[in-house]
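Below you'll find only one chain, the form predicted alone, shown as structure tokens.
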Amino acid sequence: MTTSDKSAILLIYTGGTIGMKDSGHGLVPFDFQEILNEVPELRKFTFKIDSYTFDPLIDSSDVEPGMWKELARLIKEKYDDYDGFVVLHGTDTMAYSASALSFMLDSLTKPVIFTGSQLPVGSLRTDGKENLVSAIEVASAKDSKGRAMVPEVAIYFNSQLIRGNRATKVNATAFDAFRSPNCPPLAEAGISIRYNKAEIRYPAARTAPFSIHTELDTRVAILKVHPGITCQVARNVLLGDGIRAVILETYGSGNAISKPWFTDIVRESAAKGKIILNITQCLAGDVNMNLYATGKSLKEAGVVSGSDITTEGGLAKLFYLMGEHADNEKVKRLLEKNLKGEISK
């Protein structure tokens, strides 16, 4: 593995804690052109690092699909000028953004690495410096043939590199904020960075032209099954006007309540052509609707298995597929296929 002196990395600052500093009256963003003053370690890299700052900056909680489109277009515009991209992003919605970009960027041969921090980069105990420096190192890493080591959309956080559409935020305060329960890390950083080549997805044809998909259909609702859920709540979501697809967050291996009224609503929703994607509420494991009677009833009603996809990945996949295809039956078929490493089969 090498880090070429000819590498060039574009650092894209969208917002988030990593780019904040204490003004004496609370945290405020600093001018990201001053990043070398905040992280002088970056001067030790022998390749070019340019930066681009979103204007206005986006609080992680305010991230919307329009931001993903802007980010995809920026990467497309700069694609030939850089060997890799590092996206600095707030942690709250980082997994959603990384999932979305994994579907929106096609024939990717260069790394797009999301990172951020739990403490501002200027804080004494910040996790931001290590995350930033290592993310840049990953984005610039090449194999002996000069090809990117990780030509994927990924998240680097707390010494682990995980696939973007497999990540979920699991901790609001600790440095190990993200996990990938159903997919091993793509790399782990210790004294050196160890790449898990068996898990990294490499393009079948590196010569295929890079392209982006910015048509997203966001008519998706999420219904979390819970004890005491009412018929009216289920009807409002599963049969709601303007809703094309519903993510059904179920118990365990894909189970929901067995009361006939619930199954009847699910069946009615599917009969109206709506897409219903079954994703487990559990952090790890997958949906198997052949295991229990309640799961079988959902399958028979027309619900699609999400396998071991995360809610963030499922939402992004639906946005992408529905934006690309008007035929809901085609979308259902594609939901069960592994398109960008988002499921294990």
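Heads up: residue numbers just count along the shown sequence, starting at 1. Keep in mind it's a predicted model, so treat the numbers as computed, not measured.
As for the form predicted together with ligand ASP, it is not shown, yet the points below apply to it.
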Quick one: which of 70-78, 134-142, 89-97, 218-226 gets within 4.5 Å of ligand ASP in the predicted complex, going by heavy atoms?
-> 89-97
For the three residues N255, D286 and V303, verify that every one has a non-hydrogen atom within 4.5 Å of ligand ASP in the predicted complex; reply yes or no.
-> no
If you check T294, S60, T53, S307 against ligand ASP in the predicted complex, which one has a heavy atom within 4.5 Å?
-> S60
Which residue among S180, S117, T250, S269 has a heavy atom within 4.5 angstroms of ligand ASP in the predicted complex?
-> S117
Check whether M20 has any heavy atom within 4.5 Å of a heavy atom of ligand ASP in the predicted complex, and answer yes or no.
-> yes
